[in-house]
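Next up: a single chain in structure tokens, the form predicted alone.
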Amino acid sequence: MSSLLDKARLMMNIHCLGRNLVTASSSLHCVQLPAQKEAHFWYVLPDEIKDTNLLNQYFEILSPSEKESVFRMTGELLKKRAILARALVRTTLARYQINCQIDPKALKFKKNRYGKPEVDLQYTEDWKLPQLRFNISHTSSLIACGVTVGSPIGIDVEEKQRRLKNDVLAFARRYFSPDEIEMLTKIADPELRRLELIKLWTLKEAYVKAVGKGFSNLPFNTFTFQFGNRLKTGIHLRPHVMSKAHEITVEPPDDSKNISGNWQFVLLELYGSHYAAICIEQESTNRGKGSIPVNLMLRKTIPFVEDECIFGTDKAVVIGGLTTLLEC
């Protein structure tokens, strides 16, 4: 990693940050755009990426401001995760362009008024970006990027082994709604209660990120998640493909005049070690027609090296929400 940072500083000193030193988009596997009611979920496992040359390649597709952000971080592992997160976003979005003609480095981003990152739609004589929506989340051991076309999306990933400094119920009373606190209180087993809290937290993060108005404008304790007919017992069940009884819905805040109530959720268990939540907005044409499963495509990737379709395997198990897992 030190050679990576030394190389980057040299690049800055000789004012070469604007050059496309790597034109690697040709080595990315192009994919079709997500269809309506479809989300793509890409993820990398940082421990699998150890090659310095590959990390250099990732670093070189970052923008000057992204590189500066890496420089300001302390700790090599933190810098590595930041590079992987930005490289995952850029290489993932570049795959959806016609014939993969856009270099990942050429992608531009902006933030909405609340700070949520978005693709900055740029038009030239040669290409036009589709209306891609994306969201990113990461832990120390897994980094993920969710993608849709048109529909707002929010994702979150959390480690199941995550420990809380405070008692689970004390933590819940600070952040969760009364109904959610009641549900957690009725779980006698401390470990099941802790896991249930992490699932709720993961869903809440994904929802707030999908709405895109920031955490201060949508506090966690102002909305309530319900799990089909299991509001009082939670979803601490053995992982399996869920039925309609396990549909996940959210009751928005009472004063949510500008927040749609048409959101759909998927909750996954990855590798038996992580929870992942995906939240997308239901299309207006489908409102009032009942719940329609979210079509979900999962891929593990090492950008520029290999992609793996996650389908029909215990690497990813649906534990909540109405969804159909798609073959890549």
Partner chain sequence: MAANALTGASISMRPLLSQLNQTPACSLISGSSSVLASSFGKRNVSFSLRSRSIRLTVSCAAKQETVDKVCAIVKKQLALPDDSTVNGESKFSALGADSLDTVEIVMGLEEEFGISVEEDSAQSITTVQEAADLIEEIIQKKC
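Everything numeric here is computed off the predicted structure, so don't read it as measured data. Residue numbers count along the first chain shown, from 1.
From this point on, the text means the form predicted in complex with the partner chain, which you will not see here.
Enquirer: Between the options Q101, N166, Q161, T185, which residue brings a heavy atom to within 4.5 Å of the partner chain in the model of the complex?
Expert: The option sitting close enough to the partner is N166.
Enquirer: Of V250, M73, V119, I181, which residue is found within 4.5 angstroms of the partner chain in the model of the complex when only non-hydrogen atoms are counted?
Expert: In short, M73.
Enquirer: Tell me, yes or no, whether P152 is in contact with the partner chain in the model of the complex, where a contact means a heavy atom of each within 4.5 Å.
Expert: It does not: once the partner chain is placed as it appears in the model of the complex, P152 has no heavy atom within 4.5 Å of it.
Enquirer: With a cut-off of 4.5 Å between heavy atoms, is G214 one of the residues that contacts the partner chain in the model of the complex?
Expert: Close contact exists here: in the model of the complex, G214 approaches the partner chain to within 4.5 Å, heavy atoms only.
Enquirer: Does the partner chain get within 4.5 angstroms of any non-hydrogen atom of A170 in the model of the complex?
Expert: Within the cut-off, so yes.
Enquirer: Although the partner chain is absent from this view, report whether E196 comes within 4.5 Å of it in the model of the complex, heavy atoms only.
Expert: Residue-level check for E196: no, no contact with the partner chain.
Enquirer: Looking at 102-110, 201-209, 87-95, 186-194, which stretch has residues with any non-hydrogen atom within 4.5 Å of the partner chain in the model of the complex?
Expert: So the stretch in question is 201-209.
Enquirer: Checking a candidate spot here: are L78, R174 and P219 all in contact with the partner chain in the model of the complex (at least one heavy atom each within 4.5 Å)?
Expert: Every residue of the candidate spot has a heavy atom within 4.5 Å of the partner chain in the model of the complex.
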